[in-house]
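Only one chain is shown below, in structure tokens, and it's the form predicted on its own.
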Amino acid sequence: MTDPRILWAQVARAAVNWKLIAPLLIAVEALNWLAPASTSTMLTEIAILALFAASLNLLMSFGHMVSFGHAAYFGLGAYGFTLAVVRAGLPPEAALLAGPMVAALGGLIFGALCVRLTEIYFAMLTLACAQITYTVLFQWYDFTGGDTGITGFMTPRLGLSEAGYASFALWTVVLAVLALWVIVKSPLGLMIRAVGQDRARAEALGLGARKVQLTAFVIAAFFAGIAGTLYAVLHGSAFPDYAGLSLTLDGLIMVVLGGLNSFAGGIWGAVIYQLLSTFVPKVIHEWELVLGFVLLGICLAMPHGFVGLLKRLGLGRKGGK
């Protein structure tokens, strides 16, 4: 068995400094139960978007695969759960696994096509697959409800209070992020990074680049599906916009805000993005203008994003890329 001291040393070297994150999670949990219900809902959405961004970051920072269609798997997760309840008649608690599995299946089908290409062609094909998904959800009225979506099929939040569901979502996301971290640190994660950094050299060393990229694609789709499922449960509804281009662009912005080439980038980016979208509109109506200036400043002055700033302040770990 692995020496616990060695395991803790590995944790301490991670880009997500869990020695810092653990008390932060406790503080968030306390805020969740002490603050108003609206705060609990905001914390839930932050946690869900953090998982979505982290799954996209797996592709971008480690696999060096830029996806313009990652929201498709968020939407497939939401609809996989919803349709399992509405069409298959499963109890909501039993249908929770259906969303991520449908998203992973979608990732397998679309990923098998996308990994045949590289660079901008790969990115555009991911966009095409996402648009196919969105169009099917938007126009298949008899099955998906079309542009009106599916609403009122269950009690939102599984009947839990806002704080209760926020706590459930938060710790589900924590476990999912830990699973992603284990994958990144595993031999599979090393292969994903090797193919992403130099595909030709990885193939020369005997790695099947397409198989490795497809595996990463399916894993990212699965975790995006978990996020989509949690979001559908939160609102008790599913809409085609969950698979729309807008959400993918939001995810890309989150990863850039947090910092590319870092495991924590997507997580921090989601927190920053959601806080900006929640509070800035209360001060200025054109909040996207503020977001644009923030992105401009990060791209010019802090290309490594918020995680790079944390490292400068001595709060991050250099060994967690």
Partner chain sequence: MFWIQLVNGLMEGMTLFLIASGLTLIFGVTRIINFAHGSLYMLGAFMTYELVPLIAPGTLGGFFAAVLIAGLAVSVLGVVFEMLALRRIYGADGLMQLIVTVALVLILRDAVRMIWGPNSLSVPMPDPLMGALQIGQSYFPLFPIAVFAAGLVVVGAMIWTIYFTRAGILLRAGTDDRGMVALCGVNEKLIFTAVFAAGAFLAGLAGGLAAPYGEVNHLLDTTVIVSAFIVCVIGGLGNLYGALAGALVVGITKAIGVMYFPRLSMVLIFLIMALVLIARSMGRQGGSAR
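Predicted, not measured: the structure shown is a model, and the values here were computed from it. Numbering follows the first chain given and starts at 1.
Separately, the form predicted together with the partner chain exists; it is not shown, and the next lines address it.
Comment: 253-261 is the region of 253-261, 29-37, 274-282, 46-54 lying near the partner chain in the predicted complex, near meaning a non-hydrogen atom within 4.5 Å. Of the heavy atoms in C129, some are within 4.5 Å of the partner chain in the predicted complex. Remark: R116 counts among the residues lining the partner chain in the predicted complex, judged by a heavy atom distance of 4.5 Å or less. The partner chain is not drawn, but in the predicted complex it has a heavy atom within 4.5 Å of F68. Using a 4.5 Å cutoff between non-hydrogen atoms, W171 does not count as a contact of the partner chain in the predicted complex. Among L97, L214, L125, A179, the residue placing a heavy atom within 4.5 Å of the partner chain in the predicted complex is L125.
Along 270-288, residues E286, W287, E288 each place a heavy atom within 4.5 Å of the partner chain in the predicted complex.
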